[in-house]
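This document starts with one chain, in the form predicted alone, laid out as structure tokens.
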């Protein structure tokens, strides 16, 4: 399948089947992510594959305690709370325990452009998972350091995202995307192609 076809097909999944999937598919996706460009070729990414049910439960409980605060806080913008409600997204994060694997993506803060580089790698990773027929989600916890502590991540690394991976437990329609004509200008801001 072409990259554009994979990208058009991929969608964020929050409900997973508990059916096991081959670890080789996860390793293939990470191997693909390792091919991403990075600032000064520092390759600041690290990946922790989590499949231990007890660790996944500890991650989930910690994440949910912080998510609940976010969802219930008056300081959370109303537009965001409305967006979450319309999609049925709550502070409960069942996908952290039902997905067979979690890929925790870590960035070395000491490297130049570490965040940008790591997220390029995440893009590669997501498309490789899609190629293998696996569902995924980029979940950024409200308090990434709390989750990083559970996993023993050193202070000079930052947890960027947790990607649950498995077979989809829902048939979800992809969120709408911008048309090319809406996103692209030529030579100057606002200048459209003739």
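Positions refer to the first chain, counted from 1. Computed from a predicted structure; not experimentally measured.
This next part talks about the form predicted in complex with a further copy of the same chain, which is not shown.
Peer 1: Does at least one non-hydrogen atom of residue 66 fall within 4.5 angstroms of a further copy of the same chain in the predicted complex?
Peer 2: The answer is no: residue 66 has no heavy atom within 4.5 Å of a further copy of the same chain.
Peer 1: Check residue 177 for me: does it contact a further copy of the same chain in the predicted complex (non-hydrogen atoms, 4.5 angstroms)?
Peer 2: Flag for residue 177 set to yes.
Peer 1: Check residue 95 for me: does it contact a further copy of the same chain in the predicted complex (non-hydrogen atoms, 4.5 angstroms)?
Peer 2: It does not: once a further copy of the same chain is placed as it appears in the predicted complex, residue 95 has no heavy atom within 4.5 Å of it.
Peer 1: So, residue 61 and a further copy of the same chain: in the predicted complex, are they within 4.5 Å at any heavy atom pair?
Peer 2: Because no heavy atom of residue 61 falls inside 4.5 Å of a further copy of the same chain in the predicted complex, the answer is no.
Peer 1: Using heavy atoms only and a 4.5 Å cut-off, determine which of 57, 27, 146, 167 is in contact with a further copy of the same chain in the predicted complex.
Peer 2: Among 57, 27, 146, 167, a heavy atom within 4.5 Å of a further copy of the same chain in the predicted complex occurs only for 27.
Peer 1: Pick out the residues of 97 to 119 whose heavy atoms come within 4.5 Å of a further copy of the same chain in the predicted complex.
Peer 2: 106, 112, 113, 115, 116, 119, in sequence order.
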